[in-house]
Every structure is written in C-alpha cells, then in structure tokens.
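Next up: a single chain in structure tokens, the form predicted alone.
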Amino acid sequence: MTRCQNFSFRVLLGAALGLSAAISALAQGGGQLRFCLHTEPKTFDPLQVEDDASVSIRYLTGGVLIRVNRQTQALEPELAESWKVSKDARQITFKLRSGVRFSDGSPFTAEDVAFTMQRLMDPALHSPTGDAFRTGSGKVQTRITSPTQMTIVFPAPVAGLDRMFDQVAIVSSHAFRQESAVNGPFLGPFVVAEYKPGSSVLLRRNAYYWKTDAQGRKLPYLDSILLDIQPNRDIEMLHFRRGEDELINALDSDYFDKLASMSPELVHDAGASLDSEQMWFNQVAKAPIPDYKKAWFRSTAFRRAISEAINREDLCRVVFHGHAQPALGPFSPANKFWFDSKLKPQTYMPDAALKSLQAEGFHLDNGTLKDSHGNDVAFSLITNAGNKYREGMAVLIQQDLQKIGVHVNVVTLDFPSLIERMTQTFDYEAILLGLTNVDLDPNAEMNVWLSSAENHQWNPQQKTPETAWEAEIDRLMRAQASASDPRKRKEYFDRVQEIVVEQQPFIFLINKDALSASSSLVKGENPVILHPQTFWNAERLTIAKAN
C-alpha cells in the first residue's frame, strides 16, 4: 500500500513539475528551433516541390485549405472553415476564413485559391502535386461566388479529393512570382527570411499568421527556425549531441540505439512507419534469365513458399535491433484507415514451405532443392551497396532459404546500376528494396499496382494484364479511384491488399519504425509516424532557456 501511494505521489509531482516547466517555457516564448535538411531544397515554389527538403519548407511556410492531422490522421479545417465534396467526387465547395492575411499584409480571398488551382493544373508547370488531381482530360474550372466562397470543378471524379488539398499551399494571386517564390508571400506560420545555398535556410515568424491558441495568444510561439543543410548523418548527430540542433526528424536504428544508451529521454520510437522493405522476383517475359527460372518466379506456390521460409521476426530483431515490425502486406497498420485489419502476420514455417514446394514437383537431393527437371533451385538477390540494413537482411534471407535447400547468391550493386537492371535491361532474378510512402491514400500507389505502370516492378508496363489476378487488381484500383464513398473505396482496396498477400508479387518483409530525437529544451513536441514526424505542430513548439 505504501509503495502504491508513493508511486502515485511521484507521478502527481512529476506531472505538476512538467506542467510548470511547460508554462514557464510558454511564458518565455520566442527562441529559435534548429534542425537539419539532408539535401539542398530544389525549389521554394510550393506548387513544384517533390524533394524532402522542399516539402519540409512548404509544410512550415505554406497555408493549406485542409490539413491532415499528423497525429490522428483525420482531416481538419485550416484556411477553409468548411468544405463539401459532391456525390460524384468531381467538385468541392469551400467556405473560406475571413480576415486572413498573407505575410505581406494583403488579404487572402477566393481569388487566391482560384489562381493557385489554375496555376497548379497548368500542364506547362509540370507540378507533381497537380498531377495527383489529373484523373481525366479537360480543364479544371473555378467558380467564385464571394470573396469567401468558391467551387472547384474537375473534369472527372477524384477519389479522396478533400484529403489531397493537404499538399496544396495557396499562393497569392497579386504578389506571387515564380522566380521570387523564396520571398513569398506566405500564409503559413513561418516565412523564408534568408537562403544561403549549401549552408542554411532561415525561417522567421509570420507576423500575420491567423491562428491563436486557446488563451488567444498569436501563433507561432517560435521566433525563427534555422534549417542547416547537412547531408552527413554523423555530423547531424554531433550537432545534436552538442546542443547545436534540437531535433532529428528521422534516425536509423544504430544512431537511435547509440543516443538511447547515453540519453534515453531524448529519443522516441513512434512504432511502425508507413515505409516497407520487400523483395520480388523478375516475371518479365523478355528478361535474359533461363526459362525454367521464369517458371519458378511466375508460380504463386513458389513465391508463397519463399515468403513462408523467411523469418521476419529475426529481420526485425537482428538487423533493426527491434525497431521494425513484420510487414503484413502492402500497407502498414500505421495507416489507420486504409490498412486491411483482416490481414494476419506471415508465420515463419520452413517445414510447411518445403512441403508446398514438394507438392509442386520440387524435391530435396542431398540438402539441395531441385525442380522437376533436376535444376538446382538457386537465384541471385540484388540490393544496393552501402545500405547496411538491406545487406544484413539479404544475408539472413540467404541463411533462411538455405534451410529448405534454396541457394541465394547475394549481390550488391551501386544504385544507378541496380535501377538500370530493374527498369531497362531486366537483367536480374530477384531484388530487395524498399517503398517510401508519403501519402496515406492508395491513389498515390496507382503507379505501383496498375499492370501498365512503370513501377509495377515485377513485370512493368504490360500492354494488357498477363494474369487474371493482375487484371482484377487493375479493376479494383480503378474502381476505388472513381468511387466517392470512402467505405466503398476501402472495400475495393482491402481486396487489393488481400490479393497481393495471396499472390506475393512483392514479398513484404518489414515496416521500419519511425525513430526521432528531440532536445529536452523543446516543449510541446509529440513525434508521430507521418512526415514531418517531429515538427508537424511547429507552430505550437517552444524552446526553453537552458539553465
């Protein structure tokens, strides 16, 4: 009884002290937050970004109509007070906030939204963000009914239309110039104040930002954010440990463990991320590999047996030091809405895998698996050189498959050479790589699952689907893309996930955890799995003064 009472007292005291520190930090306000960009930003034009550095700057400086809450994954109103999507998913009507101003003091109106959409959808701009809206031929129309109300009409249905506006930063119709996009004006919490190529980007507080906190205090709390351009992760870690940076947005497991051993309170493992690691076999008919191997690779039973013979728990434990989860399928459970909860983990079953192969005519001969024609079952597994995690995974896969008599020759290539084999010559047998998912919606993966797509890696750019199950995935992906009811879309995409697990064109292995670090001086941080993991709520972060 005494221990429980003491424990409760300590918890209450700790909570009180934490609240006191938070209030103190808030009272001080201001300050500068510092962290690294790993590459030079390619553009400051918010409608043309596609690289990580530019995406981060857009997130901190761009104002959007609707925001996907990075913690709950739910949609929230931003510059739009409310919105309504038509039943046919071809148009969306916005009610805009009144009294909002750009960072130069000019008013924000429906004219700016119309200008943004027309520029975004201009084919000459080649906007990656705009491409996501292109589901049919024809022009996008904008209808302004008042300074705070407007409708956008698309030529064809756009599934998940409202969620896509999370990526559309509104630009000024009267002041925006592409050649001077670095100078704004901006609607987000921060503005680009200074850019030193190869060195840093300085963001300052937007004095005209429209948001306030519950007490009526204007956001953001921070005075500025300094983004150091630093590709070297060792130097980034050194800066963080010296207190020169306050955040590391993404850590690999080795860095995470090193930092955790010294300062466990500074690191955060948010659990499985959206990113996956997987392997696949070459099923391209014209690939320069023996026909008998093509027959293996095109066999569902063969692919399923290989999947069953791989110990995913070992991959997570040995390679990622426990900072990964066995993958269940195309989408991670971290994708709260779209993940198919009916999917179950792939159990490690080497004995069952061998029996399945024997039922298909394979047999063991002195510890070596042979096919029905007497060919040794062996293949080369390629991955990119220098990626120690994939190299480690490949070695464990090699060891696992040797237990059922399959010989795997691990080959590492420089990334350009690997990409050439994967996309041009098709001179490979199996590849181990990863998928980085930056969007929750399955529409973002149309370029993977459609049989005609370039990134349909195991057999890309098919003129017509070569298998019945690929034809069915094509049908389902197009059906979900044109359906307006989210429940119906999920029903279609759940079936896509189930077919992929049944057929194993990609053998999904693991989902890496979202690992990050933040200084004890940063108050209000709450790391999540979605980008940007550590600064998604930057407008509410504060920096406490060091003692």
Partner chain sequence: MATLVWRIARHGVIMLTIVLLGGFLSATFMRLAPGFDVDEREMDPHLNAASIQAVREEHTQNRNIVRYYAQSLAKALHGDLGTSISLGQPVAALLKERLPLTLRLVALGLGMGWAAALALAMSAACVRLVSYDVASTLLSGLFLCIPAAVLALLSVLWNLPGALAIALIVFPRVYRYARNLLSKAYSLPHVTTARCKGLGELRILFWHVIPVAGPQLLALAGVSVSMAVSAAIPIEALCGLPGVGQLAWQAALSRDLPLLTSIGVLITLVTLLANSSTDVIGQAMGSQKA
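Because the structure is a prediction, the values reported are computed rather than measured. Positions refer to the first chain, counted from 1.
What follows is about the form predicted in complex with the partner chain, which we do not show.
Using 4.5 Å between non-hydrogen atoms, is Asp162 touching the partner chain in the predicted complex? No, Asp162 sits far enough from the partner chain in the predicted complex that none of its heavy atoms falls within 4.5 Å.
When the contact criterion is heavy atoms within 4.5 Å, does Glu360 count as touching the partner chain in the predicted complex? No, Glu360 is distant from the partner.
Give a yes/no on whether Arg134 approaches the partner chain to within 4.5 Å in the predicted complex, heavy atoms considered. Contact with the partner chain, yes.
Contact with the partner chain in the predicted complex for Val448, defined as at least one heavy atom pair within 4.5 Å: yes or no? Although the partner chain is absent here, Val448 would touch it in the predicted complex, with heavy atoms inside 4.5 Å.
In the predicted complex, do Glu265, Leu509 and Ser516 all reach within 4.5 Å of the partner chain through at least one heavy atom apiece? Not a single residue of the candidate spot has a heavy atom within 4.5 Å of the partner chain in the predicted complex.
Which one of these stretches, 99-107, 168-176, 462-470, 410-418, sits within 4.5 Å of the partner chain in the predicted complex when only heavy atoms are counted? Correct option: 410-418.
Of Gln230, Asn282, Gln325, Ser276, which residue is found within 4.5 angstroms of the partner chain in the predicted complex when only non-hydrogen atoms are counted? For this set of options, the contacting one is Gln230.
Exactly one of Leu433, Leu247, Leu222, Leu120 has a non-hydrogen atom within 4.5 Å of the partner chain in the predicted complex; which residue is it? Result of the distance check: Leu433.
Can you tell me which bits of 187-214 touch the partner chain in the predicted complex, meaning any heavy atom within 4.5 Å? Counting only heavy atoms within 4.5 Å of the partner chain in the predicted complex, the contacting residues of 187-214 are Tyr195, Pro197, Gly198, Ser199.
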